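Structure 1 and structure 2 below are two forms of the same protein chain, each written out on its own as structure tokens.
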Structure 1
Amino acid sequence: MAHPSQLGFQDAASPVMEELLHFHDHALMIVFLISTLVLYIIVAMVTTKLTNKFILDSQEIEIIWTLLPAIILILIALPSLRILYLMDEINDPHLTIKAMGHQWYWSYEYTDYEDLGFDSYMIPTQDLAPGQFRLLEADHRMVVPVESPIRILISAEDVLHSWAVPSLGVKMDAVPGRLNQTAFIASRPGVFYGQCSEICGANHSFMPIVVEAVPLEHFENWSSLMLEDA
């Protein structure tokens, strides 16, 4: 959960998000070192009284400033490509959920069950219980088991939406007439919040996403109760 004046990312709740955090720190350190080097060179050139009569022609420095950026780009590109392929991997999901975007709410369908689905609307501010978050709470949470590969099939019924949960490292566009898919593994129990991340009309900011990760036994009890009520 994000907090006021937060500068970094939310705490990772999935293996992919942990990898993204490590890559962010890796790239940020490279940018920091480059910025420090450039700043040092600028300050040194401005403040020094010395001159170099060979400054207009140096074969060695031209080789260095050609090879060094290429090496840096490789050091950034290889981890980035690895994570891209990891995010596309969907190996034997234990559960498949179809998320459908509407103006302005989400509907979820657990396709492994015969009749398990529901709509998820934002809870109005006046109906919030103490401790609940304004504009982020939904009347029905998407419940998933912990440490299980979950496949999400994402589409929309009317306009473009985007299903995004930052702490799980998931963001996928919901396009009418197109079925996109992504996957995640919740590595710990908890409640994880997201929002539609594609401007979709007047109430775009009022269609939150709430994912609740629970132990497998609790998930089985919840699914049984939902099927009984259906």
Structure 2
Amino acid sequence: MAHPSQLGFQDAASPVMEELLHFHDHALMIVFLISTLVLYIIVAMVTTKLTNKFILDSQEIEIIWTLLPAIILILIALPSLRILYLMDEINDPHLTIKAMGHQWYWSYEYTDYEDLGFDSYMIPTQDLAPGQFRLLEADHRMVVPVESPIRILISAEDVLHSWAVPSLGVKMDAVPGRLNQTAFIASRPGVFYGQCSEICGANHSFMPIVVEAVPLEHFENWSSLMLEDA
């Protein structure tokens, strides 16, 4: 989850998010390069009274300030497209979960083997236990096995929502009447938080997503228990 006064991304918990982090650093490096150059030139230009009113054209400078930006754009585009196609690969998922957005909660369905489904409502602030996070905790978490490719099918029952978990590098719109697909692998066990990312009404800020990644045997125990309780 995010922590106070945080500036950068949350720590990556999936291989895709690690790639996104490194790409962001690469793009930011280029941003600093261009910003430093432009800022220096601006300061140099405003701190002089010298002018040249007689420049008409210059083929050399035109070539330079066309080629250099083109090269920079290619240096940004190549890793960007690489990650874009990487994110689209869904290789043999071990599990498929359906996440449905409602006003104002998520529901999860695990229908690969049995019919397991449950709703996930935010825990109100007054009901939080000590150590729990305000506006982020949910009564039922989406439990997944760690280090397994998980396919998520996302849709909505009423208005637009968006299923997002920043530390897993996942965000996908939940559109009524449409089934969107995304996938992730949780690289390590833990609890990962997200929030609805598409305005959906009064309680848009109060329908969080909590993903709990545990070893496979514990996931199987949990799903058996949930089926018994249902």
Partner chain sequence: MSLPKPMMRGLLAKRLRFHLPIAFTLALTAAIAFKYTVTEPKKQAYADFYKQYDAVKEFNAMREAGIFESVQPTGK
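In this text, the rigid core denotes the largest set of C-alpha atoms whose superposition between the two forms falls within 1.5 Å. When a residue number appears, read it as a position in the sequence of structure 1, where counting begins at 1. Remember, it's a predicted structure, so these values are computed and weren't measured experimentally.
Engineer: Where's the form predicted in complex with its partner chain, in 1 or in 2?
Structural biologist: Pick structure 2; the other is not the form predicted in complex with its partner chain.
Engineer: Ile61: CA shift of at least 2 Å between structure 1 and structure 2 after core fit?
Structural biologist: The answer is yes, as the C-alpha of Ile61 shifts between structure 1 and structure 2 by 2 Å or more after core alignment.
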